[in-house]
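Take a look at this single chain, the form predicted alone, given in structure tokens.
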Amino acid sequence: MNSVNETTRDRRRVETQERILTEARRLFAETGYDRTTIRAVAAAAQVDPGLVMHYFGSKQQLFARAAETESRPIVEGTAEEVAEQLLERLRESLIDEPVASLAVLRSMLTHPDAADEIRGNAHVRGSNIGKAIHGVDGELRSDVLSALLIGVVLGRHLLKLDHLADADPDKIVELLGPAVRSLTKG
């Protein structure tokens, strides 16, 4: 009987932590790091603020966990393959709101760690893209691609630009395709 109680308790603990992380991601994405409080996260997750601190230690540690994203396969291949992989990732990000990424993006202007994470991810992504982009200014074109794709996701999900927010993701990808392909070709 004791192991059944421990299993139930363990399951509830995991469910509570996931509920806290879900609400933290949503609030960091909606209001940014500075305006998201432990109390607000706790209220949204329907738990005591002390429990949030118990599980995550601090707002910074909660943010770090909330901002974790699924590891995606490295973009690689020929310039044409890289362009198609980037366009497919963009399409996916336009269809399904990437809440953890949006939490970091919204917070990057006011929170140094969020900005560092964006720069770090862009550097890793850029160096992989840069390997497929040959010729003059390959690294610069890689950074321009990153900025372009981040900007489109920001415009759709955070700024909610009228036409961009309502547009069919396939149409957006179709419009951006020539620019992405041009930047990867060299």
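Source: prediction; values computed, not measured. For the two forms, the rigid core is made up of the largest set of C-alpha atoms that agree within 1.5 Å on superposition. Counting begins at 1, following the sequence as shown.
The same protein also has a form predicted together with a further copy of the same chain, omitted here; what follows describes it.
- Remark: none of the three candidate residues (64, 86 and 89) comes within 4.5 Å of a further copy of the same chain in the model of the complex, counting heavy atoms only.
- Taking the partner from the other structure, a further copy of the same chain in the model of the complex has no heavy atom within 4.5 Å of any heavy atom of residue 78.
- Using a 4.5 angstroms threshold between heavy atoms, residue 133 stays clear of a further copy of the same chain in the model of the complex.
- Mapping the unseen interface onto this chain, residue 162 counts among the residues with a heavy atom inside 4.5 Å of a further copy of the same chain in the model of the complex.
- Residue contact with a further copy of the same chain in the model of the complex: residue 143 places a heavy atom within 4.5 Å of it.
- Residue-level contacts in the model of the complex: of 40, 53, 47, 154, one residue has a heavy atom within 4.5 Å of a further copy of the same chain, and it is 154.
- Residues 105, 106, 108, 109, 110, 111 are the ones in 97-111 with at least one heavy atom within 4.5 Å of a further copy of the same chain in the model of the complex, listed in sequence order.
- Annotation for residue 134: C-alpha shift of 2 angstroms or more between this form and the one not shown, rigid core superposed.
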